[in-house]
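Only one chain comes next, encoded as structure tokens, the form predicted alone.
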Amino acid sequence: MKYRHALVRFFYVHIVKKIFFLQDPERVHDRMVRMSVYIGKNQLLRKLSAYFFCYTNPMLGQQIKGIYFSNPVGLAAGFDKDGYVYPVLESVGFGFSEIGTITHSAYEGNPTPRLYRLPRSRAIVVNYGLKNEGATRIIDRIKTYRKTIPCIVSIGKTNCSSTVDETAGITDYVRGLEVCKGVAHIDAYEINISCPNTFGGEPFTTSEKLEKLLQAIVKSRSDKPLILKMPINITWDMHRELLDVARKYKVWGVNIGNLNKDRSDPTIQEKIPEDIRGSVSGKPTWERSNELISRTYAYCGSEMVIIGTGGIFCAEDAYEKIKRGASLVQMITGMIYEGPQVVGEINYGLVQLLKADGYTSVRDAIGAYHRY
């Protein structure tokens, strides 16, 4: 398997990526989505994808809150915005998928350009602003798929001036959630409170406002576990207050976390042009995400599932987040820079790292740093 991965890596890094990086990143993304749709509809192409990309091992499997994950590596929200890519993700090697962020009403997206590469920083400036086709259309699409890997749907409030008001924003979240109810394909809902590129910013990242939002969601009787997508540009005290509210309302887990809004972060090596709007994905999220994962696990233990997102480019990166306390990890930017085979490479590498540390299961490594 590792030789197949090496072959794909060489082809991607030395040929495909060089061509892609000469083109507009959003056009490349849209092209990759269309290609994924085509592969997902063709059984032979899915099998070929699995042959070159996918790696499986029972050491990577785990049951979390009644949901079985064959491996801990998932596709983060932001790539499959409209639920087109899900049918091919198992063949690429992902252990779970996140669709969205979707909103109750469709939004065409912020003005272009919405993606800007920072190659030296191994990062991308993102300013989509929750672009999506709207909850009803996306959920109707999801219903037509054959269920393969666990599916999380990320839900936000529609990005428009009419949802800036607190009450209207809460109502919009609930309406989006209502569209998703009763869909067997969906295993959990992620409530995205931390998208920085929207009208009104991040209004529900204070404990008082988050409590109002979760009150309304609980009152609407959510039928699936809830996850909170957390911001990373807040202090630990603010983060802890959000955790306290989440625990009060029995939120299943937290995703740590979202984009880095701090353009002065020293890990951003390029100067971002003033006309490029948005926040940063990739390696500039690495340190902030890791610190919050560690402190969250130390504070909550196994009471709350942690999904570690941000700066994962290899197996060692994923393992670091797992040992800090993440049960699952997610990626997008690492795949763009390293190639689609990186998912299988990470899973293969995780098995080698687990064996080297004397573990028989990925479950044994979760939070390992806190046991010494």
Ligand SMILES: Cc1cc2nc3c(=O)[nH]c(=O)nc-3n(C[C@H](O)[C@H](O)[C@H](O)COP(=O)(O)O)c2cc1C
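In this text, all values refer to a predicted model and were calculated from it rather than measured experimentally. One-based numbering along the sequence shown.
Here the subject shifts to the form predicted together with the ligand, a form of this protein not shown in this document.
By the 4.5 Å heavy atom rule, the three marked residues N192, K229 and I332 all count as contacting the ligand in the model of the complex. Although the partner is absent here, H239 is not a contact residue: none of its heavy atoms lies within 4.5 angstroms of the ligand in the model of the complex. Contact annotation for N71: none of its heavy atoms lies within 4.5 Å of the ligand in the model of the complex. The ligand is not drawn, but in the model of the complex it has a heavy atom within 4.5 Å of T309. The closest non-hydrogen atom of N159 lies beyond 4.5 Å of the ligand in the model of the complex. The stretch in contact with the ligand in the model of the complex, judged by heavy atoms within 4.5 Å, is 309-317, chosen from 33-41, 52-60, 342-350, 309-317. Here is the short version: of G176, G95, G83, G257, the single residue with a heavy atom within 4.5 Å of the ligand in the model of the complex is G257. Note on the partner interface in the model of the complex: the residue among I217, A135, I149, L115 having a heavy atom within 4.5 angstroms of the ligand is L115.
Along 82-101, a non-hydrogen atom within 4.5 Å of the ligand in the model of the complex is carried by G100, T101, in order along the sequence.
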